[in-house]
Ligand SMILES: C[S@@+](CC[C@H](N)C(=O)[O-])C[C@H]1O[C@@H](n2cnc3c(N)ncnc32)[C@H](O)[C@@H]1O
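Starting off, we have a lone chain in the form predicted on its own, written out as structure tokens.
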Amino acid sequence: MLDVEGIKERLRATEIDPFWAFADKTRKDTAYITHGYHRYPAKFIPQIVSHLVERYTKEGDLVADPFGGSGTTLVESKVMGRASVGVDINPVAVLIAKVKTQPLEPTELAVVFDSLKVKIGTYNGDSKIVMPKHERIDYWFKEKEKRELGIISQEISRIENQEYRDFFFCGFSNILKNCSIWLQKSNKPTRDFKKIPSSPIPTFYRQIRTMMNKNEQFYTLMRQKNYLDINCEIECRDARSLPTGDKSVSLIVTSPPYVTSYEYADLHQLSALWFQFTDNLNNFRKNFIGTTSGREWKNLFLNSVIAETTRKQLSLIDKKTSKEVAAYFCEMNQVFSEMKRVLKRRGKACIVIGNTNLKGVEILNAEVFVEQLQNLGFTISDIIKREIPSKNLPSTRDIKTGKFARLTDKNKTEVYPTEYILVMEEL
């Protein structure tokens, strides 16, 4: 077991392994089968998961992801014949992950799509449309696009089969940004009043045709491997409460959110508002790891000397940020405790995380995680350092605030050029 300085030195001495960058992989490679269904920030590439699953599991093992996101770990586990379980606190993520992990019979799906197009085509200017009423919907969408989107979502909601209904809602979710006045090249919520939004109905049809092609590839692959019935469970719930028994999981592969992860709630607000997953973005943010809103932030147990030092440094600069960082590390320690509960003896937890900077203070996420996991009874199996050539993540932060920066901000700074894969073993 390494002490604090030993942990820091171990990570400092870890050289970049070019193999794990997968720099030779094209967008087509990383978005194969269902991985390209929906844009998603901080989505790691499937090749990371497939190599870890191949290295640390065998067929019949159970793989888990407590920060399921858009389902990358779950899809790759299914492709490799491993049952999987995942959770995410974000209902938009859960919708995407469910659709990506469920291969649908292509001919039947085509019939449902044809029927949907016919019904959408019956609408005219006098048709009654029921759509969500919210000031933020009006904030992001012009009237014409809003009405067309209402037509699409109204007819999708009438599809009886939930798997098909979810499939089309996933596609609908992915076109919302294009059809809004959200600045197209920005992950940060920014309006572009000069933007000409995409026309929703033809955009939706193109999106669905692309997804149907990807679904057919996925369905064919799973049928050839006889993996169509491989179990995959996905729930919308807290990462500190995994829906599986004690000592049942052979491998965890996860990419946790970074500090101030409640910002990710903003990135999914179009879908969250349209689907009425929330009517209040402030309340929506409260569910995400690291927010102090509605939390008891005094006497937080960080289980890490490195984290405590970071908190104290930040408290001299910005007390609110120091509380958020403390809440984040406290809650991540609780997630790691839950990982320990579900992992089998000698099971591996593979955590993909990078370090960052807030308010000029270096946030050593990887070092803190290693220290916390060691204190919970894990041991280091391997530490991999990789470059991030293509991760879809807001890549700039404001130097002063530490928050995701607009593309035009003068104070922006690049973040996350490299990250670690911490491979920790449950003793």
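On a predicted model such as this, the values are computed, not experimentally measured, just so you know. Residue numbers here begin at 1 and follow the sequence given.
Only in words, not in the display: the form predicted in complex with this ligand, which the text now covers.
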query	finding
This ligand in the predicted complex: contacted by all of K43, F67 and I89, heavy atom 4.5 Å	yes
Partner-contacting position among E338, D238, D166, E308 - heavy atom within 4.5 Å of this ligand in the predicted complex	D238
Residue among Y123, F288, Y205, Y219 with a heavy atom within 4.5 Å of this ligand in the predicted complex	F288
Contact label in the predicted complex: P257 to this ligand, heavy atom within 4.5 Å	yes
Contact label in the predicted complex: Y264 to this ligand, heavy atom within 4.5 Å	yes
Contact test in the predicted complex: S77 vs this ligand, heavy atoms, 4.5 Å	no
Touches this ligand in the predicted complex: T72 (any heavy atom, 4.5 Å)	yes
Proximity to this ligand in the predicted complex (heavy atom, within 4.5 Å), stretch among 175-183, 249-257, 197-205, 105-113	249-257
